[in-house]
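Take a look at this single chain, the form predicted alone, given in structure tokens.
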């Protein structure tokens, strides 16, 4: 397995575009610290986001994993490009000639997916921990290290999304088309065809269930938006006489659904590789 990872890192190191994208990704995560600088001081509106408790433990785990998950497209481009370039540069054929099996080729890509996800998860954790130590009003051990399940959800979300991108890269063989298909799947298939189609054919309960198990929707369900936890949002809600009832928990069945999709994407990828004449 180490040999397979070394092969992938050599390919990655020789790609300037990939290095720029990865570097930009980590810069964006570091920019989470800039949230503390958001301030509106224009009476009667005086608003400082740091006063909203966004850096308090354990809320910061929820907020930062949610925001950082939107930056995953940078890594997705890297994965799709690496996979598509294997075809355009004919390196996949050379790898097979050199003795790498199709199973090992796919495993090397999946190991890179896991590695990217682990590095990203650890990095977001460290950035969040530092921000929390600097700004949080709570420093009790039991509070600081509670709700860490958001990092499990974040890791599974990345693995699921990157596995989908890997599958598309193998299926389409062109990075631009693969990314275009990814956008179309989210905008057209999941949010138009499946959503409105299920509304027409089934009851609301069945429709919600169908949407809940679709690939990108199931990944989104792992970490629910945290902004309704803001003190300002709750205050406005109370003034309007409405009560916000949002389930922020990380549920085991959402994790299992995404892991099932990971298995499906890897199975389909291997099936395509095994049958395709390279």
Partner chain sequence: MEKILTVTNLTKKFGALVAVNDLSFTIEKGNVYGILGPNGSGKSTTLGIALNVVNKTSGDFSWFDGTTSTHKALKKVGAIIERPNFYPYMTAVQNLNLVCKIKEVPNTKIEEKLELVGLLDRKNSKFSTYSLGMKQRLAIASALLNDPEILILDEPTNGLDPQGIHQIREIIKKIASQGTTILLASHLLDEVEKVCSHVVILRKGKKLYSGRVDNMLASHGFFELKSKNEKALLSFLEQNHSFKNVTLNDGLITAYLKEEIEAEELNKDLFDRGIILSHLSKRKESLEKQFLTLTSNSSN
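Remember, predicted model here, so these are calculated numbers, not experimental data. Residue numbers count along the first chain shown, from 1.
One more form of this protein should be noted, the form predicted together with the partner chain, which is absent from this view; the next part is about it.
Asks: Counting only non-hydrogen atoms, choose the one of 124-132, 179-187, 80-88, 148-156 that falls within 4.5 Å of the partner chain in the predicted bound form.
Replies: Result for this chain: 80-88.
Asks: Check whether residue 98 has any heavy atom within 4.5 Å of a heavy atom of the partner chain in the predicted bound form, and answer yes or no.
Replies: Although the partner chain is absent here, residue 98 would touch it in the predicted bound form, with heavy atoms inside 4.5 Å.
Asks: Whether residue 142 contacts the partner chain in the predicted bound form should be assessed with a 4.5 Å heavy atom distance threshold; does it?
Replies: No, residue 142 sits far enough from the partner chain in the predicted bound form that none of its heavy atoms falls within 4.5 Å.
Asks: Wondering, does residue 24 line up within 4.5 Å of the partner chain in the predicted bound form on heavy atoms?
Replies: Contact with the partner chain, no.
Asks: Even though the partner isn't displayed, in the predicted bound form is residue 256 close enough to the partner chain, meaning a heavy atom within 4.5 Å?
Replies: No.
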